[in-house]
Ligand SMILES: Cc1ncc(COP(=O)(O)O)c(C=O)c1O
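First comes one chain, alone, set out as structure tokens in the form predicted alone.
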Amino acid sequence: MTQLTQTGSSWPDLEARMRDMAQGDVKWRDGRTGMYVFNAGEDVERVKKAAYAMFSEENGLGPMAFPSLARMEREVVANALALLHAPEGATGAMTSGGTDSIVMAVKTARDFARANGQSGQGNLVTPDTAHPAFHKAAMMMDLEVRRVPTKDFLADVAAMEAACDANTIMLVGSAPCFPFGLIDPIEALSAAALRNDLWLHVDACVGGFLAPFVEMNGAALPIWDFRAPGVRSISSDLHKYGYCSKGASTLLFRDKAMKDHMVFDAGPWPMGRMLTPTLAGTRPGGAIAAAWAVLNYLGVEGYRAKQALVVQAREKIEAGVSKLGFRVLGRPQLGIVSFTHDEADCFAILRGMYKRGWMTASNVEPPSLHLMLSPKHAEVAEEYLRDLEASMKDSVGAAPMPAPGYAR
């Protein structure tokens, strides 16, 4: 057991010790990770660190005490709504991350359904590629999750619609799904939601601040946002392809009447009522400030340039792995790519890449390698492909490797 020191240490001593502890961490600034970190360059890193430090003591719980944070949050949410083609009257809030946004979306849909007569145990109908955060939400709220197998790695709309009943509180689609980086057929899900008067949530935690700029750069993406009239809410992470500090996400609603069911009105207690937009009370001011600063630092043109590098990196990787005999799963259009091999042991290759300093992910079904790419990866794609080829050669004849586990 490590006990608190009797006397304090100087900052130079602590800084040196922390840097020493970090020696074994993945070298993400060198582009050596395809998960956990979204590396948009040193300039963006400087901006968000400075903004976070400037408001590190301020608390988003107190908008009257810190109107600066309230204003920054309103502007960040307004930026997100505009990017996602929200209609007049749409609204939203910042949360601490994608799981927080998804849990709050489920809570909102549940309370909305109950207010409109739903009774009994509610259920969510999701494709089997939907993020496990929906399962977490269901565990917390005693809801049933009906996971429907995908078709060609995309949501099977007909099967999902057939799985709905009077107690379905939410349909789910992803833009894109995390395992394969593919955008579900949101327009078809929207039509199903409208036919059955159901809440459709789009999990765009990965794509919300990426897809709009990829589309601006000329890609023909399917409709996935509020342009689909059945979409009632969207989760979109700032700390992923928004390149903001962790943890920061947005949860957006088609109208205020829907968002009203998001709010916690807790109490009474000796201090009266406590109203919060999320489960958390204290909300780090630094995360709000850093998000506002990065969005304004990059602007539309800055994001278009960064996201063009992401697509360029993905296209380089796709071409390179295809030459090595891998098959890309589906037709990714954003920043995630997964690829499998009919003969090679993907998990042995993954281990080889780890030994070469790469921290990347994998899928179990089907066994495949997984990359979530950042602008930095456009610089190191060739290096990655060389190490991938070497890891393939090392895997020949090696004992089969079990599937790894990750904290995602």
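Sequential numbering from 1, following the sequence displayed. All values derive from a computational prediction rather than experimental measurement.
Keep in mind that the form predicted together with this ligand is not shown, yet the notes after this line are about it.
Looking at 224 to 232, 327 to 335, 175 to 183, 72 to 80, the stretch with residues near this ligand in the predicted complex, meaning non-hydrogen atoms within 4.5 angstroms, turns out to be 175 to 183. Heavy atoms of G97 reach within 4.5 Å of this ligand in the predicted complex, making it an interface residue.
By the criterion of a heavy atom within 4.5 Å, A137 is excluded from the residues contacting this ligand in the predicted complex.
Among residues of the shown chain, C205 is one whose heavy atoms approach this ligand to within 4.5 Å in the predicted complex. Interface membership of I169, defined by any non-hydrogen atom within 4.5 Å of this ligand in the predicted complex, is ruled out. Proximity to this ligand in the predicted complex, defined as a heavy atom within 4.5 Å, holds among K107, H131, K316, R147 only for H131. Listed residues R283, R254, K306, K240 were compared with this ligand in the predicted complex; K240 is the one with a heavy atom within 4.5 Å.
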